[in-house]
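Have a look below at one chain only, the form predicted on its own, in structure tokens format.
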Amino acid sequence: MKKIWIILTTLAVSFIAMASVTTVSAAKPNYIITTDATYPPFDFQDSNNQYTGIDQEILKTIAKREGFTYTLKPMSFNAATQSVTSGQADGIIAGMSITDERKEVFDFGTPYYKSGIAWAVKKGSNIKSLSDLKGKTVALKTGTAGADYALSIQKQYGFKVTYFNDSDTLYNDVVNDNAQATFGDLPVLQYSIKNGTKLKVMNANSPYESGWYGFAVKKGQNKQLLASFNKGYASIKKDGTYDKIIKKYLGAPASDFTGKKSDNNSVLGILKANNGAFMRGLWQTLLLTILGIILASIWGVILGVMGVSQNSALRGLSTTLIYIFRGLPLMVLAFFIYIGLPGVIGTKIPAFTAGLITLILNEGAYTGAFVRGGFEAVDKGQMEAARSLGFTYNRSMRKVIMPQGLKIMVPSFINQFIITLKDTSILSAIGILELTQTGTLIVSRNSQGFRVWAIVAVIYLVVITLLTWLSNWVEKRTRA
């Protein structure tokens, strides 16, 4: 058992060192900018897995002209806005509508795009007007102007609403007839339809409530960044660069950015076109899993040992920590650490670090519970025999109880390892570009949800199978 723990700890230190080297060697950006990269044609990944779109082209051009650098952090729209308000990011550009409510917490730059709200239904739907939505379900994307407008007319037309965090899942909900309509920004809906989504816009010639998009920073902060954006925007507007960017994305067919049609029509084609993205996502997933497993196991063993301590205070502390972190949903804990905590401590926490801490606390709590149970499962006569031989309590635990208890726990450890791997997918919510988030970005570009998620599912199954084989091998070695 000692050899196993030494190997696991060495691996953990090695991975952390590799991550540290990568962080140190990378050039430090002046700003961290966040976005929702599932919002084409404004924000998405192209066929080369580069972040692009109207927003990204505007930002890239302005940054070059104004002499500042930035690191882009893609995540869901709600998480992106909260990252800015919590101080985790310096600014956001994500097709974000300027509203009076948002002006209370954000300072906006010069409005850069005027859009309107449209509504769409499944092709071939019998719904012809808003009145036909009575009693039906409307799918909305959280935090968007389309959602706000739909809610403002909900009572008038008597429809129900359901919410989604990404556009592709939302559109497929309508296509699959789980919802009967959706509201959103007109150019976003039109782009998705050009890319093959089987929807029909009902008011393309007369969008509702035209509004402006804006680049935003936290109210009262990052004034220099905002001033640079405004100056750069005025420059690209004056010399015609802005108009070229708009024409590039709204005038060209979606295939110019999604890749060849043949690449999206087969699993092999998608794999070939996105093999680099899948590999990077898999590596991030494996890194999180390995570090999470090792560190959560160490933390869990500590909690388990505390749980069987003779000291009542340590037992109480162990029980409390296990209760708290096992009781919190993983996503809630991730948001608390990544978005909530920085606002209290005044220090930014990298998404990867926040995700790793989340795994350690959550998975470690579950590990601590079964470790404590494993120690308690050892026959009480073993402790009595050890004490009768003159061993102290601590020595009896270390030499007699723990070795037997750890062998009892091996199947539980194996199960927890697999759970940790699957739980890494939840961390995509805070912008970690692991396998699930990679799939989301690819789907937002090519709208091939079934094929992409089938690929992601197979990758997970392969990795889980290999992890299970490895764990079973370790179990046999420990029982030998």
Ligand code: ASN
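A residue's number is simply how far along the shown sequence it sits, counting from 1. Here the structure is a predicted model, which means the values were calculated and not measured.
Just so you know, the form predicted in complex with asparagine exists too; it's not on screen, but the next bit is about it.
Just one of 341-349, 223-231, 317-325, 137-145 has residues with a heavy atom within 4.5 Å of asparagine in the model of the complex, so point it out.
Selected stretch: 137-145.
In the model of the complex, is there a heavy atom of asparagine that lies within 4.5 Å of any heavy atom of residue 95, even though the partner is absent here?
Residue 95: contacts asparagine in the model of the complex.
I'd like to check something about residue 219: if you look in the model of the complex, is any of its heavy atoms closer than or equal to 4.5 Å to a heavy atom of asparagine?
Contact with asparagine, no.
If we define contact as a non-hydrogen atom of the residue within 4.5 angstroms of the partner, is residue 103 a contact of asparagine in the model of the complex?
Taking the distances in the model of the complex, the answer for residue 103 is no, it never comes within 4.5 Å of asparagine.
Does at least one non-hydrogen atom of residue 44 fall within 4.5 angstroms of asparagine in the model of the complex?
Close contact is absent here: in the model of the complex, residue 44 is far from asparagine, nothing within 4.5 Å, heavy atoms only.
Check 77, 185 and 213: does every one of them have a heavy atom within 4.5 Å of asparagine in the model of the complex?
Yes: 77, 185 and 213 each sit within 4.5 Å of asparagine in the model of the complex.
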